[in-house]
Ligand SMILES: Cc1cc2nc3c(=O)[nH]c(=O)nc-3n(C[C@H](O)[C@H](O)[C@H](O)COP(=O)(O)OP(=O)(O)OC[C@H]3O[C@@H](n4cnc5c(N)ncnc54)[C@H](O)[C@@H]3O)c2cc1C
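Just the one chain here, the form predicted alone, laid out as structure tokens.
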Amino acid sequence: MALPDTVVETLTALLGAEDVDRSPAALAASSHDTWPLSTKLANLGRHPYQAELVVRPRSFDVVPEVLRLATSHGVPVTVRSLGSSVTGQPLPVRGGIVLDVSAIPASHTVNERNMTVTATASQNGGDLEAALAQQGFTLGHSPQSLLRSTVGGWVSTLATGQFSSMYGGIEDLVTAYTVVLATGETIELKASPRAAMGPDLRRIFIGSEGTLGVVTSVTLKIFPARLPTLLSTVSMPTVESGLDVMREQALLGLRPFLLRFYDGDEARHALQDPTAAGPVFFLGTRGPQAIADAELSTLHELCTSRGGRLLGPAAAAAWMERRFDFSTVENLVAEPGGFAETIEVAHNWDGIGALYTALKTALAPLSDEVLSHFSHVYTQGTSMYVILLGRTRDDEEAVTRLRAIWDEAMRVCLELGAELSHHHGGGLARSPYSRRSLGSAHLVLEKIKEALDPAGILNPGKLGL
């Protein structure tokens, strides 16, 4: 859409000319994230999702005025920070304004008595974890994107981390946050430590991907970091035997620090051993020594009773050192014709085995390698990653292949009743399937959107809205 001159003039007066950018370079850069399909399009010089303006506020204090202005003129606003989304969430599909909050100075304060940290939404996760570690604390939240994501992004995308079996997802870690509505009101949402005054209103914005409001600060739980931690690697005879272990440990109420189970194809990558055969667990426990010892012993018993073989801690410890390394995917995507994709889904215990088989079978013709692992576990079921690696003749063919992969993966998940996303969110990748995935519940999302964003300006075109 063409921005009214009055909008540009008002924003320039509010923020300063240096923070209102209409340059082709800025518009092109803000039209991509780290979604492999988006990266391939950028390599081809194609920028299909461009705004008319990039706005970079230096404080969250001006965000209410920016949103009020956009609402009054019906101008779309898409919030962006570090652009680490892998599903196209921060891409401005309807043009308008990209509200880039990455330049807002980050700050945080720790409440040691309550064991919480309050941080600006622009706070880099890796920097925050490092600062807390110096005081003997941890967030307990460790997504692979920790070093390239923000706390505001975690809330907006309903993120989870590699140690969720112990600490939970972001919805379990957030105690309070502040959000600015499209109409300019600033809302504080909290429950400390728990509140039963009506529905838990914090849940409305967690995972809303910037379609309902702009998160400006977040209060998270923190935990002692200097506790005994034990690691172990266990080989398993079959995928089914490993899934049985995961289910039983959940039913027993265990809370392992680390619980990752790789199928045979991905185990070779996880172990960094091309000769490895068969599925493998990376296990870890954390807590007072007696508890950590007992929990690991129980996990070992569950594994060995199903034919598992203990391999020692070395492989799991090596993975801990490189757990933020995303280079396999990034390097392949950077190659002309190379492609890679990570698709995480979830299903109940009675459906996860069939989903695993169906996805591996359906995606095999579309990729050179189809890898899979299970890493976030609940009493009702588990998440499942599918990682695809391959090479085509050129980037045009890679774009076609990536689109086919998404279509096929979502088709299989919908047919088998699986959840289309466990923690990467919807973004552009899954938006076309949102209504079928949510079913009748999508009407609730639509009504909330109408109430909180009456002009429909916030991140349109996502979540099937």
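Start at 1 and count along the sequence shown; that's the residue number. Fair warning: this is a prediction, and the values are worked out from it, not measured in the lab.
One more form of this protein should be noted, the form predicted in complex with the ligand, which is absent from this view; the next part is about it.
A residue is said to contact a partner when one of its heavy atoms sits within 4.5 Å of a partner heavy atom; R148 meets this definition for the ligand in the predicted complex.
Shown alone here, T285 lies farther than 4.5 Å from the ligand in the predicted complex, counting heavy atoms only. When the ligand is considered in the predicted complex, T160 lines it closely, a heavy atom lying within 4.5 Å. Contact between V280 and the ligand in the predicted complex is not found at the 4.5 Å heavy atom cutoff.
The single contact residue among G308, G381, P256, G83, judged by any heavy atom lying within 4.5 Å of the ligand in the predicted complex, is G83. This chain appears without its partner; in the predicted complex, the one residue of D395, E295, E341, E209 with a heavy atom within 4.5 Å of the ligand is E209.
Although the ligand is omitted here, in the predicted complex all of P143, G153 and V215 have a heavy atom within 4.5 Å of it. Contact with the ligand in the predicted complex, judged as any non-hydrogen atom within 4.5 angstroms, is confined among 300-308, 365-373, 348-356, 75-83 to 75-83. Contacts between 28-67 and the ligand, taken as any heavy atom within 4.5 Å in the predicted complex, involve only T34.
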